[in-house]
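As structure tokens, one chain now follows by itself in the form predicted on its own.
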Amino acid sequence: MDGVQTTLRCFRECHSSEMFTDDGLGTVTSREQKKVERSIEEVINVYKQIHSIPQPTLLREQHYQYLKKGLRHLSDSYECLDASRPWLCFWILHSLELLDEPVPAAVASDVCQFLARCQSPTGGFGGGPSQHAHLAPTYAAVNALCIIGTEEAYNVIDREKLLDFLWSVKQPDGSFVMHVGGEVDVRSAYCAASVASLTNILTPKLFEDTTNWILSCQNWEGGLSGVPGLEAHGGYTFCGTAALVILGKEHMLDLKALLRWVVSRQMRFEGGFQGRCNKLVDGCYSYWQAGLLPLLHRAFFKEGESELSRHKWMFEQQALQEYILLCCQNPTGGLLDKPDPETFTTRATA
């Protein structure tokens, strides 16, 4: 764990003072918040009991084995993701890339052949073979193929038809629908910008008015919503900001309001991030919210905001590390969105 101190943040006496206080006015959400905090407290206490010198680390080997198995076989519980199969390829390959673990050439070739079967005759990729093209699995497939990075992988992508698909989902106001006849939200603009950039088919005409549409999604909170006028949300905020970074227009956002919103989403006791105001901590926002902050750091640096940009990433990194490493790691590999005290108790008594 980078930057670990003699006493972990969550082991200090003052840590309990960060727990939520409802001022005697309990609600459904406040009770759920307290329930999560009790789970985290239990996990921390178990960890204290079994580690005399706490040094939480990433379980690299367990995660590697979990991911490697997933590329070849997934349990029946993943049946609900049948329309998201390119995402499973991308999530696994991206995680292996972050772990600096190579993918065997034969496995990489099998992934390329599978994703080729997901490519629609009209351009773009569907959620599985013979499914209609959709921007979300198109993003996942193109990114997965770029991670593999072989000639076979690049040759899978029909760039000319991909451009046709992007034009087919472009809307007059600059937004994109997720698929022909589908819904509009800021994810689609990011997916379109990402795949267009990666495949070198990004043109000003294709993204005409897209910047203004994304900017209209930034609301009074400072974050971005899925469509104009709704509540700010971590996933949508990352997508909108990242799309503007790709388009070179991130400076047009109210960056200080955005920074204020995202840093306020880090939970005081848990250390992880919530996705929206008054919601529970969730491991996935370690990606969306913490991934947003380096983009903001870059934007402030470009704008000459030296006072802001000199504070690296601008959030409590140790707190997030402790939440992920102590509360979200499954001992047998893989990560959870929230801690499961039963898992940690079983490990302690085994």
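Throughout, we count residues from 1 along the sequence that is shown. Small disclaimer: the values here were computed from a predicted structure and weren't measured.
What comes next is about the form predicted in complex with a small molecule, which is not displayed.
A.B. asks: Can you say which of 108 to 116, 253 to 261, 146 to 154, 236 to 244 gets within 4.5 Å of the small molecule in the predicted complex, counting heavy atoms only?
C.D. replies: It is the stretch 236 to 244.
A.B. asks: Only one of Arg268, Lys279, His94, Lys161 has a non-hydrogen atom within 4.5 angstroms of the small molecule in the predicted complex; which is it?
C.D. replies: Exactly one residue meets the criterion: Lys279.
A.B. asks: Is it the case that Phe176, even though its partner is missing from this view, gets within 4.5 Å of the small molecule in the predicted complex, heavy atoms only?
C.D. replies: Result no; Phe176 lies far from the small molecule in the predicted complex.
A.B. asks: Verify the contact flag for Arg187: yes if a non-hydrogen atom of it lies within 4.5 Å of a non-hydrogen atom of the small molecule in the predicted complex, no if not.
C.D. replies: Residue-level check for Arg187: yes, a contact with the small molecule.
A.B. asks: Taking the small molecule as it sits in the predicted complex, is Cys191 near enough to touch it, meaning that at least one heavy atom pair lies within 4.5 angstroms?
C.D. replies: Heavy-atom contact with the small molecule at 4.5 Å: present for Cys191.
A.B. asks: Using a 4.5 angstroms cut-off on non-hydrogen atoms, would Cys284 count as touching the small molecule in the predicted complex?
C.D. replies: Taking the distances in the predicted complex, the answer for Cys284 is yes, it comes within 4.5 Å of the small molecule.
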